[in-house]
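To begin, one chain is listed below as structure tokens, in the form predicted on its own.
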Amino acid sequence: MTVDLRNKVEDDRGLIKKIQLCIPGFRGYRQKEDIRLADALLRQQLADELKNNVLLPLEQTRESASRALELDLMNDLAAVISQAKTAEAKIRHAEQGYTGVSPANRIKKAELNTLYEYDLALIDGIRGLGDLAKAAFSSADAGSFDSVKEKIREIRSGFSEFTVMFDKRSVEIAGIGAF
């Protein structure tokens, strides 16, 4: 179960932020900044989940494969590890939908909430990839490298789908005027 970080950020507002909410013209800015902060925190959690539950088991699998001299599998593992590292960096450093003080296109609170919901939906994909990565490591640890090859194919396919889904996020931002 994932906690909605928007509520946590609102609950953790300090005195200055509460005062900012009372200032006409500043209230909307404060609310949008809080949603952006919640989204940034969520993406950090997603990137950490990807690093700890997908990338780490894949690297452990690579170690097992190298000890067993499974050279063909090493190439496949290198490719999927590269996909995992790329995905982690994309998530960690993704656009936040920031706009300036007087931009040509304004991002509304509802649009930022849509962006947050979009990022929140990615957690299931990352957890699915984590389950596959852990299963691959278990198979490698048991010496069943044919099973590892199958899991690696599934993970590569999952990363391809994940990348397409994550890239749609940028399109969503563009559609709401962030660029």
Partner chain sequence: MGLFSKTNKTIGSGSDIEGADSRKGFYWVEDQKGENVMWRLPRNIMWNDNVLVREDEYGIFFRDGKALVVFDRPDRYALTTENIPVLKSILGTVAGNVQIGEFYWAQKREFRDKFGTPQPLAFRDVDFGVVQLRIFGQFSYKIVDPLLLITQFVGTKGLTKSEEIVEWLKSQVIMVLNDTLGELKSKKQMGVLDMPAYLQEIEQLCLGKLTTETEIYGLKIMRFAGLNINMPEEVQEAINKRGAMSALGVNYIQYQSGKAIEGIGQGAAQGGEGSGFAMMGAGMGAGMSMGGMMTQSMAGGGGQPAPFGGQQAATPQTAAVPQAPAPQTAAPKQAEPMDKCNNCGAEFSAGKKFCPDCGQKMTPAGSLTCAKCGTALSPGAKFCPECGTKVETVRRCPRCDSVVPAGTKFCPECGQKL
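Positions refer to the first chain, counted from 1. Owing to the predicted nature of the structure, the values given are computational and were not obtained by experimental measurement.
The next section is about a form of this same protein that is not shown, the form predicted together with its partner chain.
Quick check: do Ala135, Ala142 and Lys151 each get a heavy atom within 4.5 Å of its partner chain in the model of the complex?
The answer is no; none of Ala135, Ala142 and Lys151 reaches its partner chain.
Considering its partner chain in the model of the complex, which of Thr114, Gln31, Ser147, Gln44 comes within 4.5 Å of it through any heavy atom?
Residue within 4.5 Å of the partner: Gln44.
Indicate whether Asn53 is a 4.5 Å heavy atom neighbour of its partner chain in the model of the complex.
No - in the model of the complex, heavy atoms of Asn53 and its partner chain never come within 4.5 Å of each other.
Although the partner isn't part of this model, could you tell me whether Ala121 comes within 4.5 Å of its partner chain in the model of the complex, counting any heavy atom of the residue?
Because no heavy atom of Ala121 falls inside 4.5 Å of its partner chain in the model of the complex, the answer is no.
Heavy atom to heavy atom, is Ala110 within 4.5 Å of its partner chain in the model of the complex?
Close contact is absent here: in the model of the complex, Ala110 is far from its partner chain, nothing within 4.5 Å, heavy atoms only.
Whether Arg106 contacts its partner chain in the model of the complex should be assessed with a 4.5 Å heavy atom distance threshold; does it?
No - in the model of the complex, heavy atoms of Arg106 and its partner chain never come within 4.5 Å of each other.
Can you tell me which residues in 73-89 come within 4.5 angstroms of its partner chain in the model of the complex, by heavy atoms?
Going through 73-89 in order - heavy atoms within 4.5 Å of its partner chain in the model of the complex - the hits are Met74, Asn75, Ala78, Lys85.
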